[in-house]
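So this first bit is one chain, no partners, the form predicted on its own, shown in structure tokens.
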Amino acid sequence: MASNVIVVMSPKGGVGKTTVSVNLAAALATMGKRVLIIDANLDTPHVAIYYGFVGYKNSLEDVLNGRVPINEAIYKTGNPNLHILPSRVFKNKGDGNAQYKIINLFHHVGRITNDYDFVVLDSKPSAGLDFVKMMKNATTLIVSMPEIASMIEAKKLNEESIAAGVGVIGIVLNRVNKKISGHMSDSEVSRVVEARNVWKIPEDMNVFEALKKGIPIVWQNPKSPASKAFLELARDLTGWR
């Protein structure tokens, strides 16, 4: 059976999109699902950093530029159920050409989707919807902060995705903190954006401690507030499979 492809998107940077991508993939793998996470944010790729993953030879740039087949740029992580296809943090000569070939990513992903239950794709902020539309079985998760400006941009991206025929699973509100007056309440969020589902990831300093260690929070501290929320998100997604 072909895998579910989940494209994690955000209308702008700084909302924790990669944090959500990395921990969602880790949570799904913890639940026994076969998962591949792809760092498709070629501008500022940080997925490998979250896993403490260094020293890899091949990357997504090499795949897109036709230097290696996709299976030669996929690596194992600390969990046997989770594999990673990283992008290169420090670019090699010619890597910039991959930016123009990202729309062809679906060709490469199509060769390996039968090997996984889920493919989690961390996209760049404000990524175009064209390549998402071409991904077989692709749906999107939109990541936002619970602040009015971020929520308005999430609303726009949600509406643009639906208009483009891209399925939107829902919105993930990251770093929710009820003590911050600028964070919107549940009722305010509902008024601003009509989403199929809304998940909330609480503000949790353990996330930053895990990042320093190169371990996803759901592995480093599975009982932390954020870990519990990520695991709930993963359980909901597996329930729909």
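Note that residue numbering follows the sequence shown and begins at 1. Model, not experiment: these values are computed from the prediction.
Just so you know, the form predicted in complex with a small molecule exists too; it's not on screen, but the next bit is about it.
- Checked against the small molecule in the predicted bound form, the candidates K33, H183, R175, R67 yield a single residue with a heavy atom inside 4.5 Å, and that residue is R175.
- The partner is absent here; in the predicted bound form, the one residue of I37, I201, L28, L60 having a heavy atom within 4.5 Å of the small molecule is I201.
- Using a 4.5 angstroms limit between non-hydrogen atoms, A195 is distant from the small molecule in the predicted bound form.
- Taking the partner from elsewhere, S190 is found to have every heavy atom lying beyond 4.5 Å of the small molecule in the predicted bound form.
- Looking at G170, you'd find every heavy atom of it more than 4.5 angstroms from the small molecule in the predicted bound form.
- Using a 4.5 angstroms limit between non-hydrogen atoms, L211 touches the small molecule in the predicted bound form.
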